[in-house]
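Here's a solo chain for you in structure tokens, the form predicted on its own.
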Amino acid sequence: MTPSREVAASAVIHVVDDDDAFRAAIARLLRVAGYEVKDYRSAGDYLVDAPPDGPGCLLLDLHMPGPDGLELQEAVLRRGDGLPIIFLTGHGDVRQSVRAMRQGAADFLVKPVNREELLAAIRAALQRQERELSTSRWRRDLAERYATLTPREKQVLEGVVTGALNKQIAALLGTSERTIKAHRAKIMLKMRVDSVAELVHASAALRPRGAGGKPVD
């Protein structure tokens, strides 16, 4: 798993660990590997900074004075940083690792961590972030396309994605089958899709996860 060259070149790795020697060693290793690194002695030091903008990931010690790694993870989620988190710990247990992973951690590594294992975890985390950002941009683009539809076109779209025939949609909306065909053509053009299958996929992506009903305007 390898992120794009652009992402790898611009990624910032944020290291939060109260062990000065370990933090310095990790930072040096990552810089040699070509990454930009920012390091912090505590969760509070990290949170003082503005939320990071751009590709990167967070290497986070689990046990620290003050807010620990799991508490920082929760704060990062509330703040919406969007960084994948890799936990590094010498004292982790199964319960803590399960909790971290359930909250979306990208990986959970035990110190002393192998260089190649760490770099592989970072590459996987950056690839995951790149994939999620790409999906987010795609959904925003779909939402912009959907917003260009007229109210009637949105009604027709709902009929199409539920599998209704043109004549059924026409009867439901009190119009002609020819008019429905014209609406469908405009919908396909505005949504920039080439098939009903693509249209169904796009419509599903606009709905809140786990929810039915109409796409979100």
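All residue numbers refer to positions in the sequence shown, first residue = 1. Being a predicted model, the structure only gives us computed values, none of them experimental. What we label the rigid core is the largest C-alpha set whose atoms superpose within 1.5 Å from one form to the other.
Another form, the form predicted together with the DNA, is not on view; read the next lines as being about it.
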Exercise for review: Give a yes or no for Glu153: in the predicted complex, does one of its heavy atoms lie within 4.5 Å of a heavy atom belonging to the DNA?
Suggested key: yes
Review point. Is Arg184 a contact residue for the DNA in the predicted complex, using a 4.5 Å heavy atom cut-off?
Key: yes
**Study point:** is_contact(Val32, the DNA) in the predicted complex, heavy atom dist at most 4.5 Å
**Key:** no
Exercise for review: Using the partner position in the predicted complex, report whether Lys167 sits within 4.5 Å of the DNA, counting heavy atoms only.
Suggested key: yes
Review point. Which one of Asp39, Glu158, Asp45, Glu177 is close to the DNA in the predicted complex, taking close to mean a heavy atom within 4.5 Å?
Key: Glu177
Exercise for review: Among 24-32, 144-152, 45-53, 61-69, mark the stretch whose residues have heavy atoms within 4.5 Å of the DNA in the predicted complex.
Suggested key: 144-152
Point to revise | Rigid core superposition, Pro52 Cα moves 2 angstroms or more between the shown form and the other one | key: no
**Study point:** Threshold 2 Å Cα movement between the shown form and the other one at Ile26, rigid core reference
**Key:** no
Point to revise | Residue shift check between the shown form and the other one, rigid core fit, Leu77 Cα at least 2 Å | key: no
